[in-house]
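This document opens with one chain alone, in structure tokens, the form predicted on its own.
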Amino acid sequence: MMGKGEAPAPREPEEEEDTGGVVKLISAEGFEFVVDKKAAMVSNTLRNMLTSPGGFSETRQGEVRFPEISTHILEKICQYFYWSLHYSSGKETAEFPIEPEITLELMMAANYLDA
């Protein structure tokens, strides 16, 4: 409790602030995608990884490795995160483009990411 005229105590930086509002997603081939944390939170799996109080390395480092997700699929997933943020209000709509040849692999990754 503060007395009259006292300045508030300096706040300790939170884990989320350490990453500067971005998350690094790393594909199976080692390609790194840096996305806004808000966009990454479209995925419930990523949300849980990045906000868990258990001290997971993903939370501390602000990066997540996906040894089973290829670069071209992870790129499409990142595009979907931003697309989803843009159209989540429902005021305007647009179809998210998916190339037929990546559909199965993309669905498997989306299922894992709960996105």
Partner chain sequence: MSGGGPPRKRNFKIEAFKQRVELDPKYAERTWKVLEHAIHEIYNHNASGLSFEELYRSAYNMVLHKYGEKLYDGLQSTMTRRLKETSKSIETAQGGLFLEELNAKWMEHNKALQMIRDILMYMDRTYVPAAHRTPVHELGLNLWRDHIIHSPMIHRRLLDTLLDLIHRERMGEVINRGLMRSITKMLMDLGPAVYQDDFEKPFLEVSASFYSGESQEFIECCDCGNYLKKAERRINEEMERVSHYLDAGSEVKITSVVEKEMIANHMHRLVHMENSGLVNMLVDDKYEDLGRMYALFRRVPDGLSTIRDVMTSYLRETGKQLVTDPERLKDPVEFVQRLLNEKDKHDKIISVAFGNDKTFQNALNSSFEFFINLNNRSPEFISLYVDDKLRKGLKGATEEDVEVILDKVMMLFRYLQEKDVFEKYYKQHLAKRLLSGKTVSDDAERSMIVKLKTECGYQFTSKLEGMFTDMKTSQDTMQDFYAKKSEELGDGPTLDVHILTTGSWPTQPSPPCNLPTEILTVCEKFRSYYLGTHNGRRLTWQTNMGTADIKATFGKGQKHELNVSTYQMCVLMLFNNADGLTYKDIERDTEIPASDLKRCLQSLACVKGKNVLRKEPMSKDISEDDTFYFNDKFTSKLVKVKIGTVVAQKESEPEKQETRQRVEEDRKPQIEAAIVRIMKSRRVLDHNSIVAEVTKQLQARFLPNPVVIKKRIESLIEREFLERDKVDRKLYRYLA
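Positions refer to the first chain, counted from 1. Just so we're clear, the structure is a prediction, and the values are computed from it rather than from any experiment.
A second form of this protein, the form predicted in complex with the partner chain, is not displayed here; the remarks below concern that form.
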property: is_contact(residue 30, the partner chain) in the predicted complex, heavy atom dist at most 4.5 Å; result: no
property: Non-hydrogen atom contact residue 60 with the partner chain in the predicted complex at 4.5 angstroms; result: yes
property: Residue 37 within 4.5 Å of the partner chain in the predicted complex, heavy atoms; result: no
property: Non-hydrogen atom contact residue 82 with the partner chain in the predicted complex at 4.5 angstroms; result: no
